[in-house]
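Form predicted on its own, single chain, as structure tokens, below.
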């Protein structure tokens, strides 16, 4: 029996691991693959239109190519294309399970969704609490790692991004993830600061589809000390119960919750400028309008489509943005 369950976005992973399954974030499986463009092109060969989200294309192909037979799809609070993706999975004999972060941000609605997921996987509260406590120790280390990125300037924006984004599924092995992270933190503690002369930048929006984005920013003199949504995947605040934890998770709810979090981190991390990434053909692009009106900080908005290297035009815009910030 295949014990691996794919996910299209962060879900209450504690439930699935308490049920004895392993999680696989299809986004990470896609973008971390040796040739992510192959997944993208396979989706287009299957009939996906060119004017369609590059992440959805990758999710579709990654699940089929890796024989993921069950997928938990976030139908509300993530991507508006997920409903159609579920239909395609069903057509390909992939079992799909919906999970929704309700638009109404209240305890009752998210409690219902988590309870329904627990019933589906026959998970009781006592087993859930054991896993949640275990994950809390991992998240504590992730918070220390993230803090080190901006307080000690020893960690690159890319490594910060990779560790935080991997907390959506803990790479399918929470115990190994914890051990490797602890070892890495011990290594970093012995290093000296290396980014003191770099411009401190924040990153907002869904993770970039560009395969060399963080290297590009760093080569141009920028140090990303805040990865907004990646940090949210790691659950940055400890809550007394799982419902409160996922109610406090900002990404799937209102843009205004995200903005309050971004404002706090800009001040705490002494960020000089913000890069807002938007994915081509994504409804979240419109959120850029609100971000620019609500955040009192220079913002560079960049757009990506395919899993390829950062284009020359985008690179020039990032370079000009960093040089502008140096003069402020």
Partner chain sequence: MKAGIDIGSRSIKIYFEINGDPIRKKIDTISFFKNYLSSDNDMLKIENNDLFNGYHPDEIIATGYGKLATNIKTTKTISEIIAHAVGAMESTGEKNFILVDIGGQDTKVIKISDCNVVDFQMNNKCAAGSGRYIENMAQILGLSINDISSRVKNPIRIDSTCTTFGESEVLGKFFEDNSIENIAAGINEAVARRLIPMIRKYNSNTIFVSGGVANNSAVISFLSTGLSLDVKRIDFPDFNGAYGCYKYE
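Note that the structure is predicted; figures quoted are calculated from it, not measured. Positions refer to the first chain, counted from 1.
The discussion below concerns the form predicted together with its partner chain, not included here.
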*If contact means any heavy atom within 4.5 Å, which of 24-32, 292-300, 48-56, 66-74 contacts its partner chain in the model of the complex?*
292-300
*Hey, in the model of the complex, is residue 285 touching its partner chain, heavy atoms inside 4.5 Å?*
no
*Look up in the model of the complex whether residue 327 has a non-hydrogen atom within 4.5 angstroms of its partner chain, and give yes or no.*
yes
*Would residue 309 sit within 4.5 Å of its partner chain in the model of the complex, counting heavy atoms only?*
no
*in the model of the complex, which residues of 308-328 put a heavy atom within 4.5 Å of its partner chain?*
312, 313, 314, 315, 316, 317, 319, 320, 321, 323, 324, 327, 328
